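Next up: just one chain, as structure tokens, the form predicted on its own.
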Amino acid sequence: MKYMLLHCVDKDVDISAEATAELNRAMMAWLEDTIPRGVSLHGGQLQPAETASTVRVRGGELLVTDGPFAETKEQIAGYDVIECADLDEALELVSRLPLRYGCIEVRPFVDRDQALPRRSLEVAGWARAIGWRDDRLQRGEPPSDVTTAEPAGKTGNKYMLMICVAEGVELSPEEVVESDRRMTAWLEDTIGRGVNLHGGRLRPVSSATTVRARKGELLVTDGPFAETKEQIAGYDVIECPHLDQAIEVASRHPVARFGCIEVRPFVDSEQAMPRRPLEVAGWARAMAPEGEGQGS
């Protein structure tokens, strides 16, 4: 079972340099444990919420506003996708993450859309260097081709598209059919052009669990990290030369017509790199251009 971890930070908290270093050490220790065991699939750190752009299309008009999809006390600062046997195991992993200055929302993926990569993804060098779970490691052989170089073929910046929908939105059967048609066309276009790297649909917010740590005590509550009109229903990671193109890609996503898409750049040094070889879904490989989508 795959789960998305949304790392949320209280934007009003001033974190000292010493505390930041401590958080980074704790995060690195968590990654060094979960990556070799094949638990941590991919993730990345996002630039601050003030760098976000939120995209809506209403009546055929493109509406772009600065800032995140919702003004909340805690804002999403990054994400991880993990693979666990069940929610209890996922929560145990989350309990070992630094939670002092915010919270983590844990949300399962829709069963048939579990954060699949949509083109061949180069594994981050630092992740490869500490190993991953594959046949060679099972035989006791070290990983080959260890490198910390930039991934080959990098053509632009990576942006996270947070696909947001109000849970009360109801589409007619005809609108559902049209939205599905537009979604297929959007995926065929963005995957075919190598723009869409990976993504997935999340189960409803009723399936979310939020974890906080306060005064040394772990607090686990049902529901999302914030009660907002629109909630994250899925995500895509895209690669574009610049923000204007990322916004254009987001504007053509069908959910932009009745929900919104938050477009947020990644921190340059952590561009949503996968942490183990990810098998590309067959349908995505089939529609990818020649030479793409052959699996890592």
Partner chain sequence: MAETAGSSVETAVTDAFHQEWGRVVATLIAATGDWDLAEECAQDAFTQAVQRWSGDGVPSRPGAWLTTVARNKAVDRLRRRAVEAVKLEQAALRSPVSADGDEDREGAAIPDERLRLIFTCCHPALGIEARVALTLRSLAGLTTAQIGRAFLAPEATMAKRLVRAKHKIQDAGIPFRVPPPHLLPERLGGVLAVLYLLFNEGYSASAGSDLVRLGLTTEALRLARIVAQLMPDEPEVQALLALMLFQDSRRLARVDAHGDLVTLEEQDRALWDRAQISEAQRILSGTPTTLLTGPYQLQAGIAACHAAAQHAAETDWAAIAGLYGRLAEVMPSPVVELNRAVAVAMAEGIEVGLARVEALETSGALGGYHLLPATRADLLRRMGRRSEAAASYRRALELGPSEVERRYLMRRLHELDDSVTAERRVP
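Residue numbers count along the first chain shown, from 1. Quick caveat, the model's predicted, so the values are computed rather than measured.
Below, we refer to the form predicted together with the partner chain, which is not included among the displayed structures.
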| query | finding |
| --- | --- |
| Proximity to the partner chain in the model of the complex, single hit among Glu174, Glu71, Asp86, Glu170 (heavy atom within 4.5 Å) | Asp86 |
| Of Arg203, Arg100, Arg193, Arg182, the one that lies within 4.5 Å of the partner chain in the model of the complex (heavy atoms) | Arg203 |
| The partner chain contact at Val94 in the model of the complex, heavy atom, 4.5 Å | no |
| Proximity of Gly199 to the partner chain in the model of the complex, heavy atoms at 4.5 Å | no |
| is_contact(Gly223, the partner chain) in the model of the complex, heavy atom dist at most 4.5 Å | yes |
| Touches the partner chain in the model of the complex: Ile76 (any heavy atom, 4.5 Å) | no |
| Residues Met1, Pro108 and Ser207 all lining the partner chain in the model of the complex, heavy atom within 4.5 Å | yes |
